[in-house]
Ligand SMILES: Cc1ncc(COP(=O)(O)O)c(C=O)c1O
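Given next, in structure tokens, is a single chain: the form predicted alone.
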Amino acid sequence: MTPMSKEYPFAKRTDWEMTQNELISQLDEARKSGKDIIDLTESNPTRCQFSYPKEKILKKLSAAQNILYDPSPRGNLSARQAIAQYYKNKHWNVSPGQIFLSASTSEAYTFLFRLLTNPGERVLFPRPSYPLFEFLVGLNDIKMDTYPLVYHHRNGLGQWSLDLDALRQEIQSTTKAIVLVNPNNPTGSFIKKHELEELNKICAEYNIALISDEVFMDYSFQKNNSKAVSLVENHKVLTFTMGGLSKTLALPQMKLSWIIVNGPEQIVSQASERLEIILDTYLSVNTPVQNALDEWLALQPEINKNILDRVMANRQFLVEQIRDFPACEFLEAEGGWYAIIQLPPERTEETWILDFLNEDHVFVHPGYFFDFLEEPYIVVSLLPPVGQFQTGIRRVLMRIRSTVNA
């Protein structure tokens, strides 16, 4: 028998770069050496010392009804009704029949790509945004194009907007969907009404679907954000809006997300029939979480307030620290869990990041991680405990000050 080759012919879609980049390698070395690293990239809320109503969350998981397995392709009706009520509380009209459950938003993206695209066809994504998209695109055998989010100053205030002209230029005959992240991660920018109107025109013209990832929708920095819109009621073109427990309840381990389908009635009917078969093939959402969802979503205001209070406190501290620090610029945002800082150009982004890590023992995201077009930028999470966050930011700014003044 011929021995198996050491170079096994794995699928090309898994031909990723397997070696760690320099930043992650040095982070690992710093931790192995015993250095106490302040991690300002932490995005897992369950590791950020938040107070959860644990007994209320865990109690429903032990219910006797969880022993019975009675799967539904779209998800249990009671769970979908709970999600519809969650949106009703926000004054948005969503019916249980529009809702499809999945185990995660990553899985939801996969289901939608399988529904909308053939191998080799294209999807448009915002830039900057999630690094996850490149993996999802490759695993689904489709092509990734990007459209820019542009930061500019108007009337003395900074804000992000979609470059709709650039987006239109990226559309090809094989473009099947436009992805929005609303609010975007990491820019924290919401889609505006006039932008959605133009996107609807573009999608109607080219017969393209809209996919709106709204997992951060509950984390607006303004209580009445009149400029922001959700796509859950967008009926003009085929639209898929996503949410999930990873952000809505800050419970990523509970593994439940949802897709809301909207659009012209006949197209929605066709899409729903096909999407139901896709979900029926996998049946990935577990029963206990679905059974608990109505009681869990009742806890959402309490959990959301705890996290948003922390996010706003850390954000306010960052704004105050940078306000009188002309070497850096704090980029304005409208929501989410992240903040972006533009650094002085004296050094490259990589050099700044490695200095923060090795000299100051603070780990931050480089802008290139989110595919920024320019440098140097850093991206920090607003989730860490206030004391830890403030210490880390002070160290970063002290390093910048000493470098610029050297």
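Predicted, not measured: the structure shown is a model, and the values here were computed from it. Start at 1 with the first residue shown and count on from there.
Another form, the form predicted together with this ligand, is not on view; read the next lines as being about it.
Contact with this ligand in the predicted bound form, defined as a heavy atom within 4.5 Å, is made by all three of S104, Y130 and S246. Heavy atoms within 4.5 Å of this ligand in the predicted bound form are found in exactly one of 208-216, 149-157, 322-330, 70-78, that being 208-216.
Residue contact check for V237: none of its heavy atoms lie within 4.5 Å of this ligand in the predicted bound form.
For V285, no non-hydrogen atom is located within 4.5 Å of this ligand in the predicted bound form, even though that partner is not displayed.
Contact annotation for V181: at least one heavy atom lies within 4.5 Å of this ligand in the predicted bound form. Although the partner is absent here, N314 is not a contact residue: none of its heavy atoms lies within 4.5 angstroms of this ligand in the predicted bound form.
Along 263-300, a non-hydrogen atom within 4.5 Å of this ligand in the predicted bound form is carried by no residue at all.
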